[in-house]
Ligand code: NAD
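Before any questions on binding or motion, here is one chain by itself as structure tokens, the form predicted alone.
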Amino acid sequence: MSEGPAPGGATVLNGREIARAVRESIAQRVAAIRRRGGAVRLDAILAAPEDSAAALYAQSQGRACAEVGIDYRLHRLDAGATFDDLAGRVLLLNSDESVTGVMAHLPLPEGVDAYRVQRLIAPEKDVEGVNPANIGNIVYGRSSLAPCTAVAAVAMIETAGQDLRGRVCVVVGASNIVGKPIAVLLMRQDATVVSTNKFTPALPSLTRRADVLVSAAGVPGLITADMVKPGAVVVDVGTTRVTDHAGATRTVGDVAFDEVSRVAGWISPVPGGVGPVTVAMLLRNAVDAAERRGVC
């Protein structure tokens, strides 16, 4: 789904429209589960101040769940919660049969290692796909709950109608729950994948070869028009808050949108691109987790 050409000519991949279609499908699946006497329940842990970005996101997540019929329970812990506090809550939710999905909102309190907390989430309830077992299953091609942002990025590419078999895909950024999983998901579709990062020597010479270019480096304006192959699919996963000379803040991506849209064939914006689709994929994972556990 797209919202028509960008000012430069590229077709804009409309994440909000893609997410809407995914949510409609999710709502139908949840309704079917409820008709059979089951339920989808997502429990989220939040250890942050009331006015934090994480708290605001948790509120919007609750609204998104309500729209599709998912029972959302937010567990608020003190902003100074310890690892033991978080671990105890995760293990409690793991053992609760009425809970079908578990996640922990980031960032966690200072001094708490997110990896240690995420690895405790039962793989079958890990709706964010961040447990090492689920990430590992992506490599083996096993059915698993994959990291939401990675799945969202691939969904954006598929929306552009691309057959990825043999196509050159360059991924800029190699984080454990975004860049690396995106690369593996593309490999599973028989794409020829090149994994790079912001430190890769001669990066432009690699990105210019890409039929599909995905940037998840978190570096504003990293990808410029001279780095893009004409007609390529460009998916921007980067999100960075920046402050302009007037003191106003806004969210920007890795891609210099205005100039790249004059070269690319398809391009995703920031905001309004991968972000909304990521939320939708979280909800889809929640339904997948419920169905796989046979709660319906």
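From 1 onward, residues are counted along the sequence shown. These numbers were taken from a predicted model, which means no experiment stands behind them.
Heads up, the form predicted together with nicotinamide-adenine-dinucleotide (NAD) isn't pictured, but that's what we're talking about next.
Within this chain, Ala232 is remote from the site of nicotinamide-adenine-dinucleotide (NAD) in the predicted complex, having no heavy atom within 4.5 Å. Using a 4.5 angstroms threshold between heavy atoms, Thr278 counts as touching nicotinamide-adenine-dinucleotide (NAD) in the predicted complex. Contact between Thr100 and nicotinamide-adenine-dinucleotide (NAD) in the predicted complex is not found at the 4.5 Å heavy atom cutoff.
Mapping the unseen interface onto this chain, Val274 counts among the residues with a heavy atom inside 4.5 Å of nicotinamide-adenine-dinucleotide (NAD) in the predicted complex.
For a residue to qualify, one of its non-hydrogen atoms must sit within 4.5 Å of nicotinamide-adenine-dinucleotide (NAD) in the predicted complex; none of Gln118, Pro147 and Arg284 qualifies.
Just one listed stretch, out of 138-146, 81-89, 190-198, 155-163, contacts nicotinamide-adenine-dinucleotide (NAD) in the predicted complex at the 4.5 Å heavy atom level, and that stretch is 190-198. Checked against nicotinamide-adenine-dinucleotide (NAD) in the predicted complex, the residues Leu222, Leu185, Val212, Val130 give one hit for a heavy atom within 4.5 Å, which is Leu222. Only one of Leu203, Leu74, Ala114, Leu77 comes within 4.5 Å of nicotinamide-adenine-dinucleotide (NAD) in the predicted complex through a heavy atom, and that residue is Leu203. Contacts between stretch 150-178 and nicotinamide-adenine-dinucleotide (NAD), counted in the predicted complex as any heavy atom lying within 4.5 Å, involve Val172, Gly173, Ala174, Ser175, Val178, listed in sequence order.
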